[in-house]
Structures are given as structure tokens and as C-alpha cells.
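Okay, so here's just one chain, in C-alpha cells, the form predicted alone.
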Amino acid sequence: MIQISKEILIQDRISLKEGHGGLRFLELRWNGAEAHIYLHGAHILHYQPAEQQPVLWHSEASWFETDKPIRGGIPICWPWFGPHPNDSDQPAHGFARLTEWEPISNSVTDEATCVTLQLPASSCPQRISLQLTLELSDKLLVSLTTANNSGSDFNYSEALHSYFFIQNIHAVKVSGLEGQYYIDKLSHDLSPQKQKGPIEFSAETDRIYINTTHSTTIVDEVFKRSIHISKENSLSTVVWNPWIDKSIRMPDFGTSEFLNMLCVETANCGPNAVALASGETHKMNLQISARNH
């Protein structure tokens, strides 16, 4: 078990608590806003702006076990996205989300509450480091930083696999990707297709929008809220909802929970995987803000 330095904890701003399944998490507070980051996977499970409903969703059927991923919130996919390219015995979406991370620094000011966690060196490829920084203010800023000191190129994929809480998937649209190209992972034809208009949902959806740095907005007409998602150093955006049949097949996902969640993921995957030269660092940023209509 990772030991937490007392210097990481600051009264009324950063607290260590026991969560689901006995897993530990850091609770961050700032001017009425709140965020929870589990040490298991450096997994951000909860984000709630002041005087609003939660922005992130997680499944009531989720496992909270040390050898399994958490379903919902913001899992970290690293150093591969989806199945391992060569070894089917490896865990989907990499090992970062299955490992206990170590909090290494914090920052508390009038403007924000911030904490940084690091994947233990024993879990990383040799001389590769991975850190996640969470900054809570009137918005949520998440940074995933990979540093390569290995002496050779390091090729990897990554995603901040964000699950957003919505009122009804039938009444939700995603704007910002109009005219962008995507790969439909549910189609036999994997050639890029062009998005026409905002994204709407009436069936299982699993798309990788490629070569795009565009911000997106989830417009929830029933909830009367918009969630704005902006990003930096990310060329892929993944949009996913499992719908009915896949929900039934997933043991850590409630049968009807697809109605209340939508993944819009900040990523570098597929044709946008990262080739990181020795001595270089890559920092992918995600910023989330919510506004009631």
C-alpha cells in the first residue's frame, strides 16, 4: 500500500478518505466545488461544481477491487487504448488504471486546489514516467504527462476516458465535431467518415474522431445543462455509448444505465498514437466546465 505524506493533505482543501470497496481517495475542495481522485488508477470518480449536479457518472454495478478497473468517472487508458495490439492476455486499455498511484505534490491557492499523482516506476516501462495532475477551480483541469528518458523512442496510445452524467441519451447532442472525420468501430468499413451536423444517439455508438483538436459541448436538453470539453495536445476524440445489448453483456454495467451516461474522451489513439522521442515529454490536457441553461 502506498504511504501518503502528511504534506499532501491540507485541512478543508485536500483530505484522504476511504471510498467504495475500501479503496482510498483524495477529496479536493474549492469554493463549494468538489472532486474525488482514487489512488487506484489515479481515477477521478467524482466532479461536482458548486451548486450543480455531478458532472461525472459511474456505474452502480462497478467493481471497486484492486485488480479490476472502475467503471465510470475518468479512467486513464495508457500505454495502449483498447485491446493490447499483440497480446490478448494483457488488460484492455493498459495497466495504468489497475495500479495504485502515489500522490507526490500539491498546490493550494485562492484560485485552485491542485494535486499530482505518479505511476510508480516499478509499474512503468524502464525510464518512462507518467504523472496525472488534477486542478479544481471553477472548472476541472486534468493533465496526463508522459516523459521518456529511456534512450529510445517510446510509442504509446492514451485516453482520459471521461464518462459524463446526463439525464437521457435520447435528448442529448454533442456539438463541435461537425465536419470532422471519424472511424466507426462498429462498422466493417473502417475508412474515415465525415460527421454531418451535431452527434445524436439512437443506438450503440463507438467512434474515434481523428486528427481533431476541436472542443466539444454536450447539450443536455432535459437536464438543461451544457458540459464544455476542451483539450490540448490531443488529436483524437472518442465518443461512446454501449446502448442496450452491450450493457447487458457487461458485468460491471447496469442494464439501463446507458440512458444516463455518455463518454466523450480526450485521446491520442488509432492513427494518432504518440511517438515520443528519447528526452521528450508529452502533456495532454483536458478541461471540463458545466453551465446550467
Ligand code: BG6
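In case it trips you up, residue 1 is the first one in the sequence shown, and so on. Please read all numbers here as calculations on a predicted model, not as lab measurements.
Only in words, not in the display: the form predicted together with 6-O-phosphono-beta-D-glucopyranose, which the text now covers.
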Considering 6-O-phosphono-beta-D-glucopyranose in the model of the complex, find the one stretch among 209-217, 143-151, 92-100, 172-180 with heavy atoms no farther than 4.5 Å from it.
92-100
Contact flag, K185 vs 6-O-phosphono-beta-D-glucopyranose in the model of the complex, heavy atom cut 4.5 Å
yes
Although 6-O-phosphono-beta-D-glucopyranose is absent from this view, report whether K246 comes within 4.5 Å of it in the model of the complex, heavy atoms only.
yes
Taking 4.5 angstroms as the cut-off for heavy atoms, does F64 touch 6-O-phosphono-beta-D-glucopyranose in the model of the complex?
no
Using a 4.5 Å heavy atom cut-off, state whether V238 contacts 6-O-phosphono-beta-D-glucopyranose in the model of the complex.
yes
Non-hydrogen atom within 4.5 angstroms of 6-O-phosphono-beta-D-glucopyranose in the model of the complex for each of Y47, F164 and E257:
no
